[in-house]
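The data below hold one chain only, encoded as structure tokens and taken in the form predicted alone.
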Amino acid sequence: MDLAIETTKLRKEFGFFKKLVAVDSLDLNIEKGSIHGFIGPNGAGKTTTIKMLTGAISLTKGKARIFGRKAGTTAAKALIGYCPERPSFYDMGALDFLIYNAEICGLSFKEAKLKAEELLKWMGLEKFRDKKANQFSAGMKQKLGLIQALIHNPEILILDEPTANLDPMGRFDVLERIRLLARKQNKTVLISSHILGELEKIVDHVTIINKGKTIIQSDVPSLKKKFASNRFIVDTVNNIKYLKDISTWASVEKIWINAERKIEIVVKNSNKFKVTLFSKFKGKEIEINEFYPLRISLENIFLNVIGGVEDDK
């Protein structure tokens, strides 16, 4: 397996006397040519990890390598194109800003201008080439930040919430462009996003982290297969009241209240569970608001892993 990004027991601490551990023994393996989703709740350590990979901050302990090169070195940085969640710009026209960045990365002025014009057209921003970049709308800044990340044709794209300031059509457009670009040029993409339904459409691998630790790392088909059991959602007027009762049924393997405050259940036999559910509740003053099989999606897996409050059964 050819790894584009590899971390071993990566750790980042902030502070001197009272240390804050932002990333704690994080192991990450990202294959070359993959589109890798990097997800976790707010404060999980995603952005801190990304900053260590790009060399923006130093690591406290552990190892981080970019195609075998130590993260933060000039050789490693040269392989990365990075777009932060909130890109900022100098008081320069968009084209001049891109040319400036490309020349820093070693392109000649002629090469830089051609590449910048090509990417502005690709992203639909060619009409704004002479407009001051710091006067762009939030969505346009996001797109220009992505162009800046691509200006030196990097091997790896690291994108932190690249669609954060875009409307639904803009998010779809940018993600589709990333997907097509990665596939056409065999680029490796590490993309952090909270919009899991959209992220699922383009990623082939995913890492879920929480409290600075790796919880799950897998290719998406294997991950879905792992979670593809007989799962149901039951939403009643008072879920907590009936949780203990349902947990004692013979057909129930696992039960908890998920992040949406609904009862999520893994069962041994779906038909037997349905018969039991309606027979147990028959004649009782219980209103079942929702009852349906759980569709296995990246979002549901995330809620299951991070958001579920498990029963002690």
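Computed from a prediction, not measured in an experiment: that's the story for all the values here. In case it trips you up, residue 1 is the first one in the sequence shown, and so on.
Below, we turn to the form predicted together with a small molecule, even though it does not appear here.
Novice: Using a 4.5 Å heavy atom cut-off, which residue among Lys121, His194, Lys132, Lys224 comes into contact with the small molecule in the predicted complex?
Specialist: Answer to the contact question: His194.
Novice: Note which of Ser279, Asn271, Ser58, Asn42 lies within 4.5 Å of the small molecule in the predicted complex, where distance is taken over heavy atoms; exactly one does.
Specialist: Contact residue from the list: Asn42.
Novice: Which single stretch, out of 28-36, 252-260, 59-67, 46-54, brings residue heavy atoms within 4.5 Å of the small molecule in the predicted complex?
Specialist: Residues of 46-54 come within 4.5 Å of the partner.
Novice: Give a yes or no for Glu198: in the predicted complex, does one of its heavy atoms lie within 4.5 Å of a heavy atom belonging to the small molecule?
Specialist: Judged by the heavy-atom cut-off of 4.5 Å, Glu198 is well away from the small molecule in the predicted complex.
Novice: Taking heavy atoms only, is Phe14 within 4.5 angstroms of the small molecule in the predicted complex?
Specialist: Phe14: yes, in contact with the small molecule in the predicted complex.
Novice: Would you check, heavy atoms only and a 4.5 Å threshold, whether Glu176 touches the small molecule in the predicted complex?
Specialist: Contact check for Glu176: no, nothing within 4.5 Å of the small molecule in the predicted complex.
Novice: Within 4.5 Å, heavy atoms only: does Ala22 come near the small molecule in the predicted complex?
Specialist: Ala22: yes, in contact with the small molecule in the predicted complex.
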